[in-house]
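Shown here is one chain on its own, the form predicted alone, set out as C-alpha cells.
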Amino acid sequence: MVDKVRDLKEVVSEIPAEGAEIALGGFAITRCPIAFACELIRQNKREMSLYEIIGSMDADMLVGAGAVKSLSYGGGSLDRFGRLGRINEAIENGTIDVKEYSGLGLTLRFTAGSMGIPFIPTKAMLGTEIIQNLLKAEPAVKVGQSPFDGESYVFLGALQPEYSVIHCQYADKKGNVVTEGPVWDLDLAKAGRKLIVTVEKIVSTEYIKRFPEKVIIPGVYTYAVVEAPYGAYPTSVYKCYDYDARALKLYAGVNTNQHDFDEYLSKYVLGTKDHNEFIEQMGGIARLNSITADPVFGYAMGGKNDGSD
C-alpha cells in the first residue's frame, strides 16, 4: 500500500522558497486551508503566484505577510465579518499583480486543467468589464469566434498549478479523500500537478471501502495527505466544527491596516511553532468546544457564536 501521509512542516518545506505556484481551496469562511497557509508564512515562502476561486483569510494573510507576487481570484471576503483588507490594499497600492475573474471563470480554467485539455470555451464574463481587464493582462484569456455556431466565446487557457491545496474532513493513507456536505474543490484539486490534502482525520482504508460513494477524490490524484485537526480553524468544516466568530471578528479588525496586521501575525503566526499553538493563542479547547458541530445539522447549535463574547 502506498502511504502518502506526510507531516505539515515537512511537506511545506518541499515547496520552493521563492516563486511557487499554489492554488488554495475553501470558500470565504468554510474549509479554508488555514494551517497550511500559516506554515507557508512561518517558513518564509516568498514571491508566490496564488490562485483562489473565492478569496478568504488564508490568501489575505499570505498577501499581508508579503509572500505573494501575483493573485488570481474570483472575489471573496470574510463573509459578514469583513473584507479582505490586505488584498484590497495591495490592489489599491499596486504592490501585487492581481487578475480578477468571476468565480465561474477561474473554476473553468481549473476544469480545463483537470481534463487535460488546452482551453475551454464559455460565455461566462463575456461583455463584462472583468473580461476587458483580463484581455489586457492575461495571456490565458482570449475572445474569439466559434467555428461551429459562429458566436463569440471566451476561451480560457487550462490552469495546472504546481500545487493544489485543499482541506477536507477525511482521507485514508492512500489519499482517497472524503468530503461531507457541499463540494466545490474538485477541479481545483485535480488540476494541480501535486495535490496536497490536509484533513481533520486520517481514516482506515476499511472505512473507505465501506463508504466508497463518499470519496470525492481518488488517491491517484493525491500527492500527500496531512492530518491537521482543526486545520481550517477559524473557518468551518461541515459536521466537524463551525466557524469561530470571535476569531474572525478579531482578524477583520486587524487586517484593515498593516501595522495591526503585523502585530497579529507576530503574535499568532510567527510567534507560534505550529497550528496547535495558534489555536491555543485563540482560546484553546474552550473555543473549540464552543464551536463543535452538531452531528445531525453539521454546525454548532444552541451556543452563542456571533463574536460578541
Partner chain sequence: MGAIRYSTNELMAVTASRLLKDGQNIVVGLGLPQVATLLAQNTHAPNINIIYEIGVINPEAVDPGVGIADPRLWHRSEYFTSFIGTLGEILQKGLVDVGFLGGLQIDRYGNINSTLVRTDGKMRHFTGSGGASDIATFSRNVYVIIKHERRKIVDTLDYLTTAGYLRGHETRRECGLPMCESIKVITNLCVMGINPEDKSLQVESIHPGISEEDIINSTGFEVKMSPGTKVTEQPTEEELRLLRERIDPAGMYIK
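Positions refer to the first chain, counted from 1. Just so it is clear, the structure is predicted and the values come from calculations on it, not from any experiment.
Note that the form predicted together with the partner chain isn't included here; everything after this is about it.
Would you classify Ile34 as touching the partner chain in the model of the complex, given a 4.5 Å non-hydrogen atom cut-off?
Flag for Ile34 set to no.
Is there any non-hydrogen atom of Asp242 lying within 4.5 Å of the partner chain in the model of the complex?
It does: once the partner chain is placed as it appears in the model of the complex, Asp242 has a heavy atom within 4.5 Å of it.
Is Phe81 a contact residue for the partner chain in the model of the complex, using a 4.5 Å heavy atom cut-off?
Yes, Phe81 sits close enough to the partner chain in the model of the complex that at least one of its heavy atoms falls within 4.5 Å.
Is Ala158 one of the residues lying within 4.5 Å of the partner chain in the model of the complex, judged by heavy atom distances?
Although the partner chain is absent here, Ala158 would stay clear of it in the model of the complex, with no heavy atoms inside 4.5 Å.
Answer yes or no: in the model of the complex, does the partner chain come within 4.5 Å of a heavy atom in every one of Asn133, Val183 and Ala300?
Per the other structure, all of Asn133, Val183 and Ala300 touch the partner chain.
Since the chain is shown here on its own, which stretch among 160-168, 118-126, 202-210, 219-227 would lie within 4.5 Å of the partner chain in the model of the complex, judged by heavy atoms?
Among the listed stretches, the partner-contacting one is 118-126.
Looking at Gly175, Gly113, Gly76, Gly231 here, can you tell me which has any non-hydrogen atom within 4.5 angstroms of the partner chain in the model of the complex?
Only one option qualifies, and that one is Gly76.
Select from the listed residues Leu265, Ile29, Val254, Leu62 the one whose heavy atoms reach within 4.5 Å of the partner chain in the model of the complex.
The residue from Leu265, Ile29, Val254, Leu62 that makes the contact is Ile29.
Check each residue of 148-172 against the partner chain in the model of the complex and list those with a heavy atom within 4.5 Å, in sequence order.
Residues within 4.5 Å: Glu151, Ser152.
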